[in-house]
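Given as structure tokens, the chain that follows is alone and in the form predicted on its own.
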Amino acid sequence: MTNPQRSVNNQSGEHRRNGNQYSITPEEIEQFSREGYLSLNGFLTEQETAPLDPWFDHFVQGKEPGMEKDFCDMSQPYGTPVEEFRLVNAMLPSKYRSELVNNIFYQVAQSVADQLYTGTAVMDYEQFLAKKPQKEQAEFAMHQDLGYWPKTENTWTATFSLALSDSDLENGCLQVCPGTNKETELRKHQPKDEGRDDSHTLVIESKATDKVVYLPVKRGAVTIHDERIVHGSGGNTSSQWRKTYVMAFRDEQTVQQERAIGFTHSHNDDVNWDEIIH
């Protein structure tokens, strides 16, 4: 793996917003296709982000009942005591609380997904992710999202990660390997622990040619990555939480195919994981 680099600041910002629309440039659309990621500043205003905070805290503090495996630690096996969580994950928050349906993050993200995709893009899933302070092992192993999902004909994806706190190298910001989205073969994934019934997390082997780029962002900004790019994040060595709201958009027919086989991205889905890992 080559020496990591930080992404260069771009010219995006609040001036791109018009209502719930956020305009991106042809160059950014081409970058997303070529390199597999984007970083957009000023995606939501502070006034728009603030109402999401109480819901985020509600879920990551384990206050939503009945979530079962949808509330877990993505760095450790299922069944890890809550007080020992490092990388807190709450899947599908708007499934559990209707107050989050059609929120402002969804509306603005949909406007960008519509610019990135020539077909019909719909939201596939969402999750809240939080790295506790001073948890060096709160790492998200390097992976490709497509390794987690069923095989479908159309795999197009745009996954938006909204920073609800500043995200930097110290607290474990997103890191990507640009251009790996263009590899002809998906890399082999294997469970981080004994199996997918024990832990949801998959890992891959990195290549010596992988070029890692860090994507630090400020609160209210987003990173966007596609389903094939190799990416992950480091632990949190800071004294502050790292808080992220993730929302993924995919082709409408792809989502329908997933749902037809009972795949909803819930960790409670009854799925034959051996058929999905590839």
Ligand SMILES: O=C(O)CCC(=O)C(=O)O
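It should be emphasised that the depicted structure is a prediction, and the values quoted were computed from it without experimental measurement. Position 1 is the first residue in the sequence shown; the rest follow in order.
Unshown form predicted in complex with the ligand; subsequent notes refer to it.
A.B. asks: Decide whether Phe140 counts as a contact residue for the ligand in the predicted complex under a heavy atom distance cut-off of 4.5 Å.
C.D. replies: It does: once the ligand is placed as it appears in the predicted complex, Phe140 has a heavy atom within 4.5 Å of it.
A.B. asks: Flag Asp145 as yes or no: does it have a non-hydrogen atom within 4.5 angstroms of any non-hydrogen atom of the ligand in the predicted complex?
C.D. replies: Within the cut-off, so yes.
A.B. asks: Give a yes or no for Asn236: in the predicted complex, does one of its heavy atoms lie within 4.5 Å of a heavy atom belonging to the ligand?
C.D. replies: Outside the cut-off, so no.
A.B. asks: Using the partner position in the predicted complex, report whether Ala221 sits within 4.5 Å of the ligand, counting heavy atoms only.
C.D. replies: Taking the distances in the predicted complex, the answer for Ala221 is no, it never comes within 4.5 Å of the ligand.
A.B. asks: Tell me, which of Val212, Met67, Val246, Val60 has a heavy atom within 4.5 angstroms of the ligand in the predicted complex?
C.D. replies: Going through each option in turn, the one that passes is Val246.
A.B. asks: Which pick from Thr159, Asn89, Ser75, Asn181 sits with a heavy atom within 4.5 Å of the ligand in the predicted complex?
C.D. replies: Result of the distance check: Thr159.
A.B. asks: Please name which of the stretches 127-135, 181-189, 201-209, 106-114 has residues with heavy atoms lying within 4.5 Å of the ligand in the predicted complex.
C.D. replies: Contact criterion met by 127-135 only.
A.B. asks: Going by heavy atoms, what in 208-242 lies within 4.5 angstroms of the ligand in the predicted complex?
C.D. replies: His225, His231, Ser233, Arg242 sit within 4.5 Å of the partner.
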